[in-house]
Structures are given as structure tokens and as C-alpha cells.
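Only one chain comes next, encoded as C-alpha cells, the form predicted on its own.
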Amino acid sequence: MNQIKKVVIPVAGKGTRLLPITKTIGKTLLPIIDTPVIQYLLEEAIKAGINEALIIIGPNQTDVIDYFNTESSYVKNLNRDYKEIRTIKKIKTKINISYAIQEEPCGLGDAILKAEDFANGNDFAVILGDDVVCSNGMKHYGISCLCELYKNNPCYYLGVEEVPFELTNKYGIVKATNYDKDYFPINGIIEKPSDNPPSNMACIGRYILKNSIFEYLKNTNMGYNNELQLTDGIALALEKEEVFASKVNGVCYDVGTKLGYIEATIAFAKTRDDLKEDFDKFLEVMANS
């Protein structure tokens, strides 16, 4: 059985949509209640059976590394053994975390190229740092859904969802001959189309990439915003290989936007047993205000 064991998580973006807070803290460390985005992403990967992660950071993004340091003086000086710190330690026993630096913001394709040594000839998953998936109680959600498809048919897989046509210029958009099924082959993909999008099926930051993506990216020209785009590399792959798109279980939130961040916080709060009673009262007050 084929199984994805590696994940690449690019988080080197500057987070300009969430300024001014992202001037001092990376957007992937912004808390959804009391847990940063990056931790949710790693937990999603672990639940998919992945045990190696490469986090692509910017040149000054040491805060991500510091977060997973459970031997810091801060932790050592805590007056007791907090379960929240134990949770981070447990994550580190289940997935080996390494880092690579993207010196300049040259696009997602450029970030993926930093992972070639990490992939070491293997196919791998990609989870984007802007997109958090709430499982809604599903066993398989987010990247796990694509990993399950890969087990039976090792190909390229893109997680997608329908978006309003007026928002297609914000996403990578796929083209296919049949969109009726939850899982379908595509015959085209375009990054942030300015007009005449081929569909309203948008990539949501979950990918399974074949190792061949590195050669395609090396032969890809700079694209949208004068950056090396992963979608353009996938478009090259389509000339020789099968690429599938699939809807995934769970609800995806773009936490790189203010509204998406608020929506994600509310969604995850609803799943927290320790907040249920107080949160239900809060929702009741809000409904009556």
C-alpha cells in the first residue's frame, strides 16, 4: 500500500493582510483561542499518518522554532507540568519537525523547491499555512482525505472546494470535464484568473505532489505577481501525468484574512469541551443582542 509520510508546510509569507500584529508575530503563530495555527496543521498531518514535517520559514521567523522548543528557560521555570506543554511534547514524538529558510518571498513554487532534499525522492503532502480545516468530527479530514486516495492510486491530488465566481481571482482554479463527483481528473489549472475562470473549483491549500514536481518547477517560468507559482508547475505536470482534484471533509478557513480568522476561532471554539458551557451562553447573548 502506498502511503504519504512527509509533509511540507510553507509559512514564510509576510502576513500583510493581518497587519499590524504580523509585524511582530508570524501569522502561523496567531492563536485560534489558545493554540497557534501551526499546531493545528501538524495535528492534521499526524492524523493522516504523516511522521515527517518540513516547515518553510522566512529568514527572521525564529518564533516558529521557539514555539516547539520545550526545553526553553520559560518551560523549565514553569511552576508545574502543564498539559498544554505536554501536548507539544507529544506532537514532537509523533512527527519529526525540521526547517528550511526561504530567503525571499518568490512564490509558493519557490518554497516547494526548498523541500527537494527533504523529500529525498519521495512523493509528499503540502499543507498551506493560511488554511485551517476544522474536522467537524470526521475521522478523515483535510490532507487525510487526499492521503487515502493516494494509497490506492499514487498520483497528484489537489484539495478543492466551490467558491463564488466573483472570488475565483483569489485562488488557483482547476478545469475539468466533469465536476459532478467529489473526486475527478483535471485537465487544466490557473493561478488567480483575472477573468473567465474555467470553473469555480478552487484549491484550498492541501496537495499531494509527486516527486516529479521539482523538475516541473525548475522548468516553470515566473508567473502571477512575478513569482514562481506551484499551479504553473502542476500545469506542466498535466502534460505528462494524471492530476486529480478532490473535495475534502471538514470546513476550510482562510486564516490569512481577518474574517476567515474570526470564523475559524468560532468554529474551533464550538468543538472545545472546556468552553462549551460558557460559549453556548456567549452565543445566546449574541443572538439576543
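Heads up: residue numbers just count along the shown sequence, starting at 1. This is a predicted model, so every value here is computed, not measured.
The same protein also has a form predicted together with a small molecule, omitted here; what follows describes it.
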{"query": "Listed residue (Leu217, Ala115, Ile186, Leu128) with a non-hydrogen atom within 4.5 angstroms of the small molecule in the predicted complex", "finding": "Leu128"}
{"query": "4.5 Å heavy atom contact, Lys14 to the small molecule in the predicted complex", "finding": "yes"}
{"query": "Heavy atom of Gly159 within 4.5 Å of the small molecule in the predicted complex", "finding": "no"}
{"query": "4.5 Å heavy atom contact, Leu146 and the small molecule in the predicted complex", "finding": "no"}
{"query": "In the predicted complex, Ile85 touching the small molecule (heavy atom, 4.5 Å)", "finding": "no"}
{"query": "Contact stretch among 75-83, 160-168, 99-107, 194-202 - heavy atom within 4.5 Å of the small molecule in the predicted complex", "finding": "99-107"}
{"query": "Heavy atom of each of Cys134, Gly250 and Arg272 within 4.5 Å of the small molecule in the predicted complex", "finding": "no"}
